[in-house]
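The chain that follows stands alone, in the form predicted alone, written as structure tokens.
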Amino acid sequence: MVEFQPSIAIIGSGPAGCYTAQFLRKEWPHAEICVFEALPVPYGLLRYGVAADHQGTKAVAAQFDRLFERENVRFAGNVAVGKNLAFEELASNFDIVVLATGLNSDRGLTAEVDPSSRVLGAGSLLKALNGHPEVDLPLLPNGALTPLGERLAVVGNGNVAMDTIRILSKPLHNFQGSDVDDKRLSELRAERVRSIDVFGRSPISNAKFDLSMLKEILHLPSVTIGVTGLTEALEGCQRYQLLSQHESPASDGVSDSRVRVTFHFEADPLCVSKRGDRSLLTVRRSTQDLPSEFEVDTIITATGFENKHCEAATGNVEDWVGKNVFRTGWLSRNGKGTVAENRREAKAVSQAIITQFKAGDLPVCAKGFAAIEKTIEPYVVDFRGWKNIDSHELATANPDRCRRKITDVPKMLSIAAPSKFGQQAKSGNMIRMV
């Protein structure tokens, strides 16, 4: 007698979703597993969140390719659950549903912010430089990205902050082998970045960035380093030792072509206001009685992520619940965790699913993909369609880039399946991810 194996829908094709598919496929070799993705292209955080110059991390996508090519896992791209397919319809037609949608927005500052000041999210910035189709950054009248300016502030001292600092400090000719969007990078850095002040509430011993991320910045010949908020020498603190070794006096900023990166520890943002054409960040520092003011062109927040529901979004994920519904990845961990940590959680969630299913605690015998196939047929891009896009991006890359990402969804679709989407692309009648 053949053991009954469930039908499984995974919403989100980033690392959390793909790792979950891997673990569940290992347990159930013949189960129907379908991964749904709102964009025509897979891999979410790997493709659009991991910094463009960290190709070693992005390389895990190759094993996810094998998941779809060899393990009989279905990819259903360009299907926005909540828009093209009601969540209730999906959940009622699959025995198991896993939400791996991630978080869609940068978390804002808790300090009071003047709405006329220039404050951007680091996540939005990195997504834009990774070639995401939707850009949530200020634009000039001609459609180009507004330059960040010469003097920047980064609030937060986790790995996302480190990525931001590195990307904005690294010389433009040092992005060999990356998939950075050169046009957007040049637009954002149209004015040479001269200084980046980095603010973290924590003391240096509790800073959230990985040591390896700090070393990447310290080893850039294009930067000089400053530090404030070191109240005492910390024996055994490698962060302290490294920053102390690399700290150098500030120059006048005119003759020095390098970027001055200054780390401010135990510095708590109080408010953001406007002063002329610049933004004014006021912080309370542990070493001073009175607040300090920093006048900059742009403030970049790197304080975490959250989900923001709006009319244009694909649905309020918080309402997607049910006995057969599980969560994994950033969605369940409040935007925290590396790719490796997402893998560990995917394994734990998969084991919980397997245990509940074997105990008879989950409903069985749902119809699976066949029940929703007609609903999504006008939109869906299969894995072959993604590989068409992939081949195009690799073939059209500049000699010193690993790929040139397509940033236009209609163009993606016309390349994925010309016979299906070609005419729609010409008319602009496409479903787009928001």
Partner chain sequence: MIKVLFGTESGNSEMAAEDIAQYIRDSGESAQLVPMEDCDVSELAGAGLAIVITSTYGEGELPETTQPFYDSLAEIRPDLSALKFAAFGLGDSTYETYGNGIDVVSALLRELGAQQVGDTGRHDAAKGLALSQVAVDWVRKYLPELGRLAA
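Positions refer to the first chain, counted from 1. Predicted model only: the values in this text are computed from it and were never measured.
The following text describes the form predicted in complex with the partner chain, which does not appear among the structures shown.
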For the chain seen here without its partner, which of 359 to 367, 107 to 115, 342 to 350, 161 to 169 has a heavy atom within 4.5 Å of the partner chain in the predicted bound form? 342 to 350
Which residue, S248, S212, N316, T355, is the contact with the partner chain in the predicted bound form, using a 4.5 Å heavy atom cutoff? S212
Heavy atom within 4.5 Å of the partner chain in the predicted bound form, from candidates R275, H219, K183, R192, belongs to H219
Looking at the partner chain in the predicted bound form, do all three of G56, A62 and R66 come within 4.5 Å of it through at least one heavy atom? yes
Do K374 and the partner chain share at least one heavy atom pair within 4.5 Å in the predicted bound form? no
So in the predicted bound form, does H30 come within 4.5 Å of the partner chain, heavy atom to heavy atom? no
Just checking whether R384 would be counted as a contact of the partner chain in the predicted bound form - the rule being heavy atoms within 4.5 angstroms. no
Contact check, 123 to 147 vs the partner chain in the predicted bound form, heavy atom within 4.5 Å, ordered by sequence, gives none
